[in-house]
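The chain that follows stands alone, in the form predicted alone, written as structure tokens.
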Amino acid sequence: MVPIIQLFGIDVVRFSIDLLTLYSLFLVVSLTLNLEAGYAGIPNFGKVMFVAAGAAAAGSASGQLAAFVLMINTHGNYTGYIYQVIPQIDAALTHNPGLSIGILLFGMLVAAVVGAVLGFAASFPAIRLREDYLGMLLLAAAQFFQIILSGYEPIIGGTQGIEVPNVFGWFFGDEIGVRDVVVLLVLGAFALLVFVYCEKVVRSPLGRTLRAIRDSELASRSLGKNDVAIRRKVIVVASAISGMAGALLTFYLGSVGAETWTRVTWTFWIWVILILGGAANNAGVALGAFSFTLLLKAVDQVKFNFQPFIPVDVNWLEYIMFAALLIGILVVRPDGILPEKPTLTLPRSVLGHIMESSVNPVDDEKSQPAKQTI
């Protein structure tokens, strides 16, 4: 059991765990949007579709796989008998860490594949439409996808939703707080890997190509770059990562439903994070995600204290605050907290040596071996 430390009536440990867990998820999805919009110039206003698709696919497929492996009778209707099947699966997983980890990895793999497939399908209009029309199309597609999830019961039980296997229950069972710490470690490791991957991409020749395509498609084509194929790859990879983020949050919550993933949280707030931190700057996105999450959790803790002083329901306070924050950032600092900066293609030590050599060419020539003449 994790310790309880009270400060101003708030459990600091519990608050920190929830804060870092949500931050890890926001960071992952924001980094994928930064790859698409910040570096490649693709205004993806349908992020919720890829997150929700990964969540739904992982939640449904992992439970059915567990039932099959454990030979639990689903009567041919997994979602219809979900409340009988899941308790049996959880009881078995509590004593089987190998199967639990296998189901977790399987769910993430399924989520990545589903996200990539949807990203590939979304890449066709992304290539043909300009920014405004593409944003509206992806926004409408995300809403249509949520309608399908709520109306087609075999996936996640329609509007009722379904429970998913407790793949973290084997670690000290369900002891209070311990499971959440394990989930945080998994999410933190995943977020760190995604951040390192995104940094590697943007510092590679591909990253410089993405910026060239974003700034001028005509110029990049004149240099022989296939902007269509490159943008398609970016969308597919970003969608696959977003799907895995959705899968991880589903396993953390222990359930998934059609209304769990709203476009406000997983589209509009992700864009606020990107604008707040600074587009085309992964460090800025990381800082923006942390600032946004900290402010969100802090307001959620204290907002009811403001009810006597404001004329509206306090549940709308966070929306009003973030709208004002977004307007203020766009007016005062439109490039974000950390604006886009040139990417170093070589280590600083190598660049410094090159600059010194250019300043003192004579010394550099003396260090070279003398050429023999015939």
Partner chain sequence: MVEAFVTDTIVYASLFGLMALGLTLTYLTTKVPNFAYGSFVTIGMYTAFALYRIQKISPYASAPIAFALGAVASVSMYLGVLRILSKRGSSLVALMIATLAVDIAFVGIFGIYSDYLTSRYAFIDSKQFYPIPDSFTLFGTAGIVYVAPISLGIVTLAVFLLLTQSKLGVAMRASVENPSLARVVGINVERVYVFAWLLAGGFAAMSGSYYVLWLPGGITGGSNLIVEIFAASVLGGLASIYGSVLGGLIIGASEVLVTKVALDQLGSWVGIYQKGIPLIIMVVTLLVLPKGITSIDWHRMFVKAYPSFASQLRRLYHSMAKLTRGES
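Numbering follows the first chain given and starts at 1. Given the structure is predicted, the values throughout are model-derived calculations rather than measurements.
The form predicted in complex with the partner chain is left out here; the points below concern that form.
Checked against the partner chain in the predicted bound form, the residues 95, 200, 128, 75 give one hit for a heavy atom within 4.5 Å, which is 128. Checking 301, 79, 88, 143 against the partner chain in the predicted bound form, a heavy atom within 4.5 Å turns up for just one residue: 143. The shortest heavy atom separation between residue 263 and the partner chain in the predicted bound form is within 4.5 Å. Among residues of the shown chain, residue 105 is not one whose heavy atoms approach the partner chain to within 4.5 Å in the predicted bound form. Among heavy atoms of residue 275, some come within 4.5 Å of the partner chain in the predicted bound form. Although the partner is absent from this view, residue 148 contacts the partner chain in the predicted bound form, with a non-hydrogen atom inside 4.5 angstroms. Heavy atoms within 4.5 Å of the partner chain in the predicted bound form are found in one stretch of 51 to 59, 314 to 322, 65 to 73, 24 to 32, which is 314 to 322. For the marked spot (136, 271 and 327), a heavy atom within 4.5 Å of the partner chain in the predicted bound form is present in each of the three residues. Along 29 to 55, residues 43, 45 each place a heavy atom within 4.5 Å of the partner chain in the predicted bound form.
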